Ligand code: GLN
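We begin with a single chain expressed as structure tokens, specifically the form predicted on its own.
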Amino acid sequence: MNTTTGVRSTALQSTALGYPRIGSNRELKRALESHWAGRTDAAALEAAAAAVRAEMLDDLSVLDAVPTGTFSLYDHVLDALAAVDALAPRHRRDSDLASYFAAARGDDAAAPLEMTKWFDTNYHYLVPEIGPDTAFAARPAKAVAEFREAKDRGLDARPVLLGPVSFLLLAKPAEGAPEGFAPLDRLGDLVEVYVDLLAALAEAGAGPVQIDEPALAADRTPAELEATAAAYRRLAAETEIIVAGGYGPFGEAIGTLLDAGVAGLALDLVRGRGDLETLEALNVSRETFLIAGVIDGRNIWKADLAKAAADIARLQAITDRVGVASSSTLLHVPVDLAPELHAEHGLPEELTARLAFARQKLREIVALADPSGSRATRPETPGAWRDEAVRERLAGLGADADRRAPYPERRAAQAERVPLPPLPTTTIGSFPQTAELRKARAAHRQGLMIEADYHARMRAEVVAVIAEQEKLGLDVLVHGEPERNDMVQYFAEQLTGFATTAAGWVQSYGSRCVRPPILYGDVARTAPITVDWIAYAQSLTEKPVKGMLTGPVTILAWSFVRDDQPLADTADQVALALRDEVADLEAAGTAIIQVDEPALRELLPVRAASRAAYRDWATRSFRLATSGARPDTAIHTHLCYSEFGEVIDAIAALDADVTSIEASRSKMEVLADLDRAEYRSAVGPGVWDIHSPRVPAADEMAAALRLAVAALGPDRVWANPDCGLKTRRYEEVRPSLANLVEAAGAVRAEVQRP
């Protein structure tokens, strides 16, 4: 073992950049929700968390170097905020834990931090609020304690910290910050706090420290790179630093970091293989530690070990110190494939033979680090996974995917078909999934409830949801989606080319976990999916009921997608299936059809050079799904928790008639983006943050609607929550929706006043 870096100089070192932290059976989710409900105290929560960390270390113990500090009770960015003691005053409570959850979830006294997508993934992080006067101080207790947990087991532990550059680039200016201030302006102050964190880890016995700088995988300005260089010259003088990326190529940041004196780099060689050429062109010291991220940390397909070994060999030609790792943290994949092999309705054997979840990926890493390990080449995609009829239909469809009439004509036709008042009220789609609903679905899945009884129970829920909405006075209703387990999985279960897992859970944020389907083959619709449910709901009311579909980009983004063909081709296949569903809904008399694309921003490449191509195929797939609709059929869409300014042109290119957008946590910042882009369709800026348990007051929502009316005009504004209500309780939903209707009514009266 090398005494200066802790890195073997004679063999490949096996490691990982991070690991799933919810537990193999979602133990952390249950512990959190029990604590939030007041059923368990802080000590019980910590005991459950310690058990999850112990399981993580058990799994990671097969590696030469084990990452520590990657566990989180809610979000690792919030952990970094706590580690530098920079929580906003409004979130400080009488205990660290209460303060932490106030920032994460909000409470009666304060709104939570804004939440948005973590680069091009479905993970949501909490956005730090940093101002010129934000005080920083080192709080190393969590990092030190988790490092010691691993050391006490005799493991070679490597602490992991979110880097100061990424932390500030991911932050937003605190309220009241002067114009022109950027959080990165505070980098010098923050770096000194990181020096203190590193000192505390060194005192605990830590050697090299992994500092994650995923923001360096995106395009960075010369000023940002200069600031990065200054920060790492200071930090590298304190201890051995390995800078990890994980979400694309480091590119020009490679030279910046190496010149600053860092000991090593962890490279994403799945999405950033260009970094190999960059390194080969530099005069890299043979002492530099380069970690080859050749095992995909974000998808579930087995690696082509022969290809991975070739990339590792290229690094070995550059330096004497090479490691093997995942391309990113394994946070984005399920823990273990084993439950799928024994599930009653398990995955096809031909499919499971090609899959690797987190535990299996650790074995791939170990095999690559072992000179005698396997170097197998991945086999070709089976011909049975192709559907020539789908491919022929797409080839014959042509390039035209535009609506039959421009928006102004559609708007007039839609207003005549479905007259609505100014600021019409609606919801995003789902209503609370009660314990009784979940029990019924589980019983049906397990064969304990016959089909007729299950449908009767779901229909009864539709009746109740329609009655709730009519009582509240909403203008456009939804059927509540009681029959849907998940907005993507529900469709995946009824389309060819998909498989669903029994226990393939992945953290989305906090305690929210999702079970992404596996899109492995060509996609087709064999029968209508939603038509009967929407038609039944419409039969219960005179008010319009929206048809509810999930868009092609979101279905891809929230699935584990085949990697043997371009995403654009797969998106078009999904869009073609949805196009048929839109046609059948329209034929059944549905006047408003919502095709949700909450993940539109999510798949946006981190590098600008790749974005135009993505926007082209992503928006085309949406239009392919919706362009067959008649002019008097309103096409709605929904987007949530994104930096909308980065995709505002793509939102316009969707050519939807109404776009509902998360706007509550970001305090209507999206309105300025819409104005700059000269966006002309209608907008439903979410005025109720459904990811917080607080019930917003009517005057609070009315104030937000007034901002929207001032920016867009009264004829282009809808009033709605910022997301579906599936995870909320009726005790929160009823008063919040009542306040929403009251707020819309008040602002409506103002705009209609002579």
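One rule holds for the numbers: they count along the sequence shown, beginning at 1. Given the structure is predicted, the values throughout are model-derived calculations rather than measurements.
FYI, the form predicted together with the named molecule isn't displayed, but the following is about it.
Novice: With the cut-off set at 4.5 Å between non-hydrogen atoms, does D596 touch the named molecule in the model of the complex?
Specialist: Looking in the model of the complex, residue contacts with the named molecule include D596, since a heavy atom lies within 4.5 Å.
Novice: Going by a heavy atom distance of 4.5 Å, is G724 a contact of the named molecule in the model of the complex?
Specialist: Output for G724 is yes: heavy atoms within 4.5 Å of the named molecule.
Novice: Given that the named molecule is not shown alongside this chain, does E481 nevertheless sit within 4.5 Å of it in the model of the complex, heavy atom to heavy atom?
Specialist: Contact check for E481: yes, within 4.5 Å of the named molecule in the model of the complex.
Novice: Using heavy atoms and a 4.5 Å limit, would one call S430 a contact residue for the named molecule in the model of the complex?
Specialist: So S430 counts as contacting the named molecule.
Novice: Looking at 289-297, 596-604, 364-372, 496-504, which lies within 4.5 angstroms of the named molecule in the model of the complex, counting heavy atoms?
Specialist: In short, 596-604.
Novice: Quick one: in the model of the complex, does every one of A492, A571 and L624 get a heavy atom within 4.5 Å of the named molecule?
Specialist: No.
Novice: Heavy atom within 4.5 Å of the named molecule in the model of the complex: which of I592, M487, A629, L576 fits that? Just give me the one.
Specialist: Only one listed residue qualifies here, and that residue is M487.
Novice: Between L423, A103, L81, C640, only one gets a heavy atom within 4.5 angstroms of the named molecule in the model of the complex; which residue is that?
Specialist: Going through each option in turn, the one that passes is C640.
Novice: Which residues in 526-558 have a heavy atom within 4.5 Å of the named molecule in the model of the complex?
Specialist: Residues within 4.5 Å: M548, W558.
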